[in-house]
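First, one chain by itself in structure tokens, the form predicted alone.
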Amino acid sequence: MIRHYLTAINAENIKEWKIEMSYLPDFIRSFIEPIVYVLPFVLYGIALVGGRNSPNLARLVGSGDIITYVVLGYIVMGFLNTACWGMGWSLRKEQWYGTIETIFAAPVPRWVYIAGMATHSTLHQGGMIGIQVIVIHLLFRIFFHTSGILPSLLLIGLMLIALYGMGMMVAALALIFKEGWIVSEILHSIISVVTPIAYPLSVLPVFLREIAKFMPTTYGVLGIRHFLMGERVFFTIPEAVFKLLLFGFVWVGFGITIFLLIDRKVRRDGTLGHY
């Protein structure tokens, strides 16, 4: 049975790649866009500080390299996009295509479809992030500790599990609200503010700092920068791993529960395919 599920997940992944490759200009744009997003933050930081190294940033976090600091933060933002837009927007796209009833009639659990979209989104975002890092490195040079790559990948993997739970919830809400981009935009904006992506956690107001401690992205981005550039963090690494595992369990459980409840509701009401 597991083999059949994995086959269905891969089929969904391949299907999405084929659709994206059919619109080549848009496909190319998706790989250029992240570079355009991160460049203003890099250039703005350089303009304010008068160079790439900030004594004030070094005092706050232990490293003053603005460019590496911002780029590593935006790596996590790319994976947040996976949950909010890649997974969360998936069912709405099927409504556009007119294929959502066919998808939901397939002889596999409906979460398998979301897992397929998660696989595709992760691979796509991974490619986008890779190109982003290469281009920024060629333009400005990024300096980090290569010995921290493996533990950073572990934290990213644990963080992604929690984000997948959120993605399932957003995908399900799109079945009710239809214009699911509203939910994606709200969650994306809130998490982007409280996660220390382009600025240290210490500059946030106290109440936002407390909220940030309940976000897996906070432990993801701080942990990555801790291993790759020596940023000081408010937690120990075992504590970060434990909390990310806990967040993953809670968020995935909550996301699947919401997805199953909404799936049952829209099928009972006969509104699954309503545009």
Partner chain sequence: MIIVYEELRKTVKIWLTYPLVLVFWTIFPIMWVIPFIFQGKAFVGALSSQAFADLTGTGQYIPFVIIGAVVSTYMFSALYGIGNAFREESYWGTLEYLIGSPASKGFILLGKALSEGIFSTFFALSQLLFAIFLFGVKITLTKILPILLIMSFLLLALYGLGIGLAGLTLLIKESRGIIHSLDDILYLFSPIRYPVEVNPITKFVSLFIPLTYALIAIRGILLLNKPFHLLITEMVALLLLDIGFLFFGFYTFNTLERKVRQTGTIGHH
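Positions refer to the first chain, counted from 1. The model shown is predicted, which means the values in this text are computed figures rather than measured ones.
Quick note: we don't show the form predicted together with its partner chain, though the next part is all about it.
This chain is displayed alone, yet in the predicted bound form one of V233, V241, L60, I211 has a heavy atom within 4.5 Å of its partner chain; that residue is L60. Within 4.5 Å of its partner chain in the predicted bound form, a heavy atom is found for none of F31, T119 and G126. In the predicted bound form, its partner chain sits within 4.5 Å of a heavy atom of S54.
In the predicted bound form, its partner chain sits within 4.5 Å of a heavy atom belonging to Y37.
With a 4.5 Å cutoff on heavy atoms, A198 counts as touching its partner chain in the predicted bound form. Though the partner is left out of this view, L154 does not reach within 4.5 Å of its partner chain in the predicted bound form, counting heavy atoms only. The stretch that touches its partner chain in the predicted bound form, counting heavy atoms within 4.5 Å, is 184-192, out of 184-192, 128-136, 158-166, 141-149. Residues are counted as partner-facing when one of their heavy atoms sits within 4.5 Å of its partner chain in the predicted bound form; in 37-58 these are Y37, L39, P40, F41, L43, Y44, G45, I46, A47, L48, V49, G50, S54, N56, L57, in sequence order.
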